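One chain comes next, on its own, written as structure tokens: the form predicted alone.
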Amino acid sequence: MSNLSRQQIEQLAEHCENAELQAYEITKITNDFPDMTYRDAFDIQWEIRRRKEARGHKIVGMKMGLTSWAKMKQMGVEHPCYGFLADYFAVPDGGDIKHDELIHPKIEAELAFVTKAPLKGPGIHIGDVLRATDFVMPAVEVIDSRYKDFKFDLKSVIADNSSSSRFIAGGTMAKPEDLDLKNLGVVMEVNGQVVELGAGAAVLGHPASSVAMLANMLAERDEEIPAGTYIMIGAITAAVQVNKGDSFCVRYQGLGSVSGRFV
């Protein structure tokens, strides 16, 4: 169900994307469009995606957001959301992230699933996901909501591509059957100090649940997860604010580490 006109959706897509590209804050868009629906919010996100592709950017993956019960509670939202990853979001492991290109970045420890078969909802469950997964690897997401003071509701965050900004893939890859995904431990260090600990079960009880949910949410738009898709499952740890000059390292049980620094 949609309450915004096509023109409003295009204008809001431009508004949110400009804030991302030029790194300035905006206020949550539901303030001005209180009747906006979830359908409208996703329409805005898909329009931002279309704008990037029209400029020659490639979509290189998907991400789930707000996938821990703690995070949903912290943000006052009732279910997770997804976003897309554009080519220029990718930062090499150990690489530099330009803080000035972002507004108020935070880092999250995550895992990424890479598929070898398509997943088309509805009705996708953990078993389908594990069967369709080629390998799992560590990932760190840099989230950067464009909303002032990270104040938003679920519709506004969906329209803002679920706070996507940068990501680092690294560590080593493993087959899902060789990992205890629920109990896989993660340690996040910033400037050599341990700041967060977590385990895979923080993500909807099991990391593969997040991918299943993505497939089922995409099915509502008659979209699927194609084979060969890189999917970040959402935060295993709380998001940690980072400043210019900070370096970070996230260690994953049995999967090596991912690091980077903000310059």
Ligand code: OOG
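Numbering starts at 1 and runs along the sequence shown. Since this is a predicted model, take the numbers as computed values, not measurements.
What comes next is about the form predicted in complex with 2-oxoadipic acid (OOG), which does not appear here.
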| query | finding |
| --- | --- |
| The single option of M62, M217, L66, I48 touching 2-oxoadipic acid (OOG) in the predicted complex, heavy atom within 4.5 Å | L66 |
| Position in contact with 2-oxoadipic acid (OOG) when the complex is considered in the predicted complex, options A235, A208, I231, I29, heavy atoms within 4.5 Å | A235 |
| Non-hydrogen atom contact K71 with 2-oxoadipic acid (OOG) in the predicted complex at 4.5 angstroms | yes |
| S162 within 4.5 Å of 2-oxoadipic acid (OOG) in the predicted complex, heavy atoms | yes |
| F135: touches 2-oxoadipic acid (OOG) in the predicted complex, heavy atom cutoff 4.5 angstroms | no |
| Contact of L184 with 2-oxoadipic acid (OOG) in the predicted complex (heavy atom, 4.5 Å) | no |
| Contact stretch among 145-153, 126-134, 171-179, 111-119 - heavy atom within 4.5 Å of 2-oxoadipic acid (OOG) in the predicted complex | 145-153 |
| Candidate site M75, E141 and V157: all three near 2-oxoadipic acid (OOG) in the predicted complex by heavy atom within 4.5 Å | yes |
